[in-house]
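We begin with a single chain expressed as structure tokens, specifically the form predicted alone.
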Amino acid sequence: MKYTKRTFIYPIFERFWHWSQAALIITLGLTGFEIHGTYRLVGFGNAVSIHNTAAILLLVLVAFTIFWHFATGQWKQYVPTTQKLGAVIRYYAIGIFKHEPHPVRRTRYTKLNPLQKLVYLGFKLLIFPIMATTGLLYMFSNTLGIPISPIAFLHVLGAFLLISFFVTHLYIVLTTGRTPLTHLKPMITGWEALEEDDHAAPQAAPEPSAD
């Protein structure tokens, strides 16, 4: 028999990192497209200044986050696996529309399913390094004496990949829960209702105190 248990799953730094990263990425996206002349909101000069400041803050945030991941062992959450990967892909492609149960159960120690592990790892090892490297090269292109055009192309390409990731992530968060807030609230409060088996209840690890 299965039951639902309210579990503390997201510590305060993880929530801070998540929302700070989201705010900085949105800021970078809005100012970046203004720099490229897509629209006018704050003016070119202000957009450049805000964009560069947000980029530096994001780099600092990422540095602290990398340290936190390794200091707490949370890096293990992103180790890729093919176990049940096919089942998860089938679930998002077909099963979810038939209201089938998710093939992978979330716990405090396995927050990500196999598909999420691959996607988030790709974000951390591919998209972000492209954006950070090309952004820094673009920022110091005059000093380094390097051509801007190929750097700008790769930076914009990375931006579109980042936007695709952001939109897909938001869509899944808002549409795959019982309500639009089901998957959003845990990243605000830190607590989530997780499904467990009756026989697992006595062995369940004690919950940490709130923050």
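The model shown is predicted, which means the values in this text are computed figures rather than measured ones. So that there is no doubt, residue numbering starts at 1 and follows the sequence shown.
Missing here is the form predicted in complex with protoporphyrin IX containing FE (HEM); even so, the following discussion is about that form.
Enquirer: Looking at 67 to 75, 86 to 94, 129 to 137, 106 to 114, which lies within 4.5 angstroms of protoporphyrin IX containing FE (HEM) in the model of the complex, counting heavy atoms?
Expert: This holds for exactly one stretch, 129 to 137.
Enquirer: Looking in the model of the complex, is protoporphyrin IX containing FE (HEM) within 4.5 Å of a heavy atom from each of His18, Leu170 and His183?
Expert: Result no, not one residue of the spot touches protoporphyrin IX containing FE (HEM).
Enquirer: Since only the chain is shown here, I'm wondering whether Leu28 would be in contact with protoporphyrin IX containing FE (HEM) in the model of the complex (any heavy atom pair within 4.5 Å).
Expert: Yes, Leu28 is a contact residue.
Enquirer: Flag Ser164 as yes or no: does it have a non-hydrogen atom within 4.5 angstroms of any non-hydrogen atom of protoporphyrin IX containing FE (HEM) in the model of the complex?
Expert: No, Ser164 is distant from the partner.
Enquirer: When the contact criterion is heavy atoms within 4.5 Å, does Ile50 count as touching protoporphyrin IX containing FE (HEM) in the model of the complex?
Expert: Residue-level check for Ile50: no, no contact with protoporphyrin IX containing FE (HEM).
Enquirer: Should Val60 be classed as touching protoporphyrin IX containing FE (HEM) in the model of the complex when contacts are defined as heavy atoms within 4.5 Å?
Expert: No, Val60 is distant from the partner.
Enquirer: Give me the residue from Leu174, Ala152, Ile146, Val42 that has a heavy atom within 4.5 Å of protoporphyrin IX containing FE (HEM) in the model of the complex.
Expert: If I apply the 4.5 Å criterion carefully, the residue I get is Ala152.
Enquirer: Do any residues of 31 to 55 have a non-hydrogen atom within 4.5 angstroms of protoporphyrin IX containing FE (HEM) in the model of the complex? If so, which ones, in sequence order?
Expert: Counting only heavy atoms within 4.5 Å of protoporphyrin IX containing FE (HEM) in the model of the complex, the contacting residues of 31 to 55 are Gly32, Phe33, Ile35, His36, Phe44, Val48, His51, Asn52, Ala55.
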